[in-house]
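Taking the form predicted on its own, here's one chain by itself in structure tokens.
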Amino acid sequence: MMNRGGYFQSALGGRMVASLTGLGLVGFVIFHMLGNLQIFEGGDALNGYASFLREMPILLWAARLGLLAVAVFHIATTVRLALRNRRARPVAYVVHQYRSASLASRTMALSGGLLLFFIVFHLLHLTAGLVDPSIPNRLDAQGHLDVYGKVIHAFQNPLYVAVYFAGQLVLGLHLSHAVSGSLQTLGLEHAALNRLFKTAGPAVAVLVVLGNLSIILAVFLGLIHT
């Protein structure tokens, strides 16, 4: 009988961990997008939302550390599974026949790596303010950190628009397979619901990408401004 530690070291256990942590990260991505959409309600709404989060430092840092732990588990597990699969088949096929495999499923490792780089860039850019020294770091009329102004400043620059646009395409590609694949791995596949689960990933990907791009393009096109 396999003990609990042995189960999670197994291929099946690893896929379960990758699926659970992946779905947790998807939930955060959706929540993050919905929060950022408050930019369409104006500076008071977005800055108030950001201030509300910062006024609960214990919960905020607990969420940040929890999210970091989930991300580390997800990355470590998926890398271990990829290496295990490569060791199991050390010689690559001369001719690849993917048949029903989608582009998203074939490029999960690549899109995951690119997504990691984009997330680091995003944190250094809009969170830490290290990428663009000219980014404003001021308070609004209510005394809240002017997150609204930072976003407006960032996406008036075509270079950052291009970077974030590319990042959203990579995110969408990764999500489109990750959600459906995770649901199937967790045993949530049923003959009557197969179509629903297969379309869940692309649907979530489209929702998140369009939501995030709507912010970027609205600022760049001058529909939202200070």
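Note that the coordinates shown come from a computational prediction; the quantities given were computed from them, not determined experimentally. Residue numbers run from 1 along the displayed sequence.
A second form of this protein, the form predicted together with a small molecule, is not displayed here; the remarks below concern that form.
Proximity to the small molecule in the predicted complex, taken as heavy atoms within 4.5 Å, picks out 166-174 from the listed stretches 153-161, 34-42, 166-174, 52-60. Residue in contact with the small molecule in the predicted complex (any heavy atom within 4.5 Å), chosen from Leu103, Ala141, Ala109, Leu124: Ala109. Contact check for Leu46, Ile215 and Leu223: none of the three has a heavy atom within 4.5 Å of the small molecule in the predicted complex. Heavy atoms of Leu116 reach within 4.5 Å of the small molecule in the predicted complex, making it an interface residue. Taking non-hydrogen atoms only, Leu23 approaches the small molecule to within 4.5 angstroms in the predicted complex. The closest non-hydrogen atom of Ala205 lies beyond 4.5 Å of the small molecule in the predicted complex. Contact annotation for Val209: none of its heavy atoms lies within 4.5 Å of the small molecule in the predicted complex.
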